[in-house]
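One chain is shown next in structure tokens, namely the form predicted alone.
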């Protein structure tokens, strides 16, 4: 039975407006309903122009205004000053795994990378194609169930930059303190799953990037924050589509950009502002996570969290029951109760509740209640 069918059959979980379900997918993830409703209109008629967002010229006056508005909204929510440039770049965060070192890892030099999970591992692999990488922390030894403790990921002398992934979606861990960069270097942060879920601290950073499909918008594009003084420091000749300075010069339009995605990011950023900004998002994330962790703690050992509690992600909570069959049954029953996307990543298994900014607290409460009910029935 599908989630929607389960809801219509009279399941106890109350659906969202329009028969929508609680979407716990890690990405593409839930978007605010009012943003989706605005997009329904804008697909047909954007800003009263009689032309939908998918049809507008990326060089026309209507999109010029939209681009400026989305760009300004993103920088406002980020809370950064004029020394930072904000770029809309296609390709998702994975493109940045190679694009970052191609621009800033010089031949004969090296960069520091902390390996705290699947996506950090992939970033390291792609950086090694470009140049030398020093791994400052190897989480494989602890099965990626924790992030480094303070000063555990020590930088190496002469590193160009120090790359880290602040929130690890696959394993449900989060850094509690940012790593240090070597003297004269800067931090590069993959903030794909926690951008705008908390105030953005850019101290010591030169570069922050985030795939859009978790907290910002649709898949297939990435938001990049880069210190302006780095824009002209590219260490090798590259095609225009791989150069950050070309995106800045062309207002994120070195070619025809993802016009729809840019519009969605702008709408989501303005939605965040209306909810009270990133401080409100942080409070809600803590509340949602607290509900799930409490259900785990009250299960008498039936549920076990993957991450060590001190570095538990408030965004992605990974847990499992007594066995794979139990986990699979839970995911199936939860879907029938209107809670979708709870299967863990294929590399880890288990159950994963991804609760990004658009997830209502009611969704976390519904999941926590169902976890208790399931444990009572199966424990």
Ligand SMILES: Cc1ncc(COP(=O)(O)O)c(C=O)c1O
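Residue numbers count along the first chain shown, from 1. Since the model is a prediction, treat every value here as computed from it, not as a measurement.
One more form of this protein, predicted together with the ligand, exists but is not displayed; see below.
Using a 4.5 Å heavy atom cutoff, 93, 165 and 190 all lie near the ligand in the predicted bound form. The closest non-hydrogen atom of residue 175 lies beyond 4.5 Å of the ligand in the predicted bound form. Heavy atoms of residue 252 never reach within 4.5 Å of the ligand in the predicted bound form, leaving it off the interface. Taking the partner from elsewhere, residue 97 is found to have a heavy atom lying within 4.5 Å of the ligand in the predicted bound form.
Proximity of residue 169 to the ligand in the predicted bound form: non-hydrogen atoms within 4.5 Å are present. Segments offered: 190 to 198, 139 to 147, 242 to 250, 284 to 292. Contacting the ligand in the predicted bound form at heavy atom distances within 4.5 Å is 190 to 198. Among the residues 119, 186, 302, 271, the one placing a heavy atom within 4.5 Å of the ligand in the predicted bound form is 119. With the partner omitted from this view, the residue of 265, 211, 159, 226 that lies near the ligand in the predicted bound form is 211 [heavy atom within 4.5 Å].
Of all the residues from 52 to 72, none has a non-hydrogen atom no more than 4.5 Å from the ligand in the predicted bound form.
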